[in-house]
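One chain is shown next in structure tokens, namely the form predicted alone.
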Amino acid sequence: MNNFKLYSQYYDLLYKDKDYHAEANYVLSLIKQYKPQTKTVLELGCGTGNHAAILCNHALKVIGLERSAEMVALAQQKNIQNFQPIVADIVSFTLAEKVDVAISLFHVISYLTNNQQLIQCFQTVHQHLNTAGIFMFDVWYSPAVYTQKPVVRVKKLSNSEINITRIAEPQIHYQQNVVDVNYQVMIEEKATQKITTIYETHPMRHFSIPEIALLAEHTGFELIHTEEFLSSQTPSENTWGVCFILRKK
């Protein structure tokens, strides 16, 4: 899955409008509620370290796992104190220590599109959590996907050097609970007007609450809470992202 190999160098620009502070503070509030003595956090799919940078400002040590070596390199360049980004697969990784809380944000778990990947990921997280450790993550929510259906989206951004246009075109696979998001990213260099085009497909799985509850039970967790990501409201057919909170048994 080299989805982000070329994408990574433009990642921070594409998501410069993403409210990392609001999301990190939301996670911090959940940690305070469900595991208040937390000192160590494992982040699955840490990207370039934007969430970790904020979490580390709150006396937390964060270990970040990221498959993209390019993104890990960008994270390392930020010199975030108490943050250790590692090139690793979230499905099968081995760390020398256990942590209090594991998190996975921005629908990273939705990239695990088959059951074996999911089971192995959850089992591996379970092994790396301290007693009664918490695993929290957000995923696409099936009722919203089937009620509202994904649509074509266009995003345009620029900085002093480049203009970026990204077109995201979805293809729904009803039998697999997967949506392929087909990206066309056009990068125009302002100085030369040269245009480079990148094509990538990001398969995204969506989930129901009973499905996650069953997965949790199968992998040594109990599902203790669900809510709409950020708003904390009860999930509905209008909820695209649901936050799940699991506790290690």
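It should be emphasised that the depicted structure is a prediction, and the values quoted were computed from it without experimental measurement. Each residue number is its position in the shown sequence, starting from 1.
This protein has a second form, the form predicted together with a small molecule, left out of what is shown; the following refers to that one.
Proximity of Ser68 to the small molecule in the predicted bound form falls within the 4.5 Å heavy atom cutoff. Contact between Tyr11 and the small molecule in the predicted bound form is found at the 4.5 Å heavy atom cutoff.
In the predicted bound form, no heavy atom of Ala75 sits within 4.5 Å of the small molecule. Contact between Glu169 and the small molecule in the predicted bound form is not found at the 4.5 Å heavy atom cutoff.
The stretch among 173-181, 147-155, 128-136, 81-89 whose residues place heavy atoms within 4.5 Å of the small molecule in the predicted bound form is 81-89.
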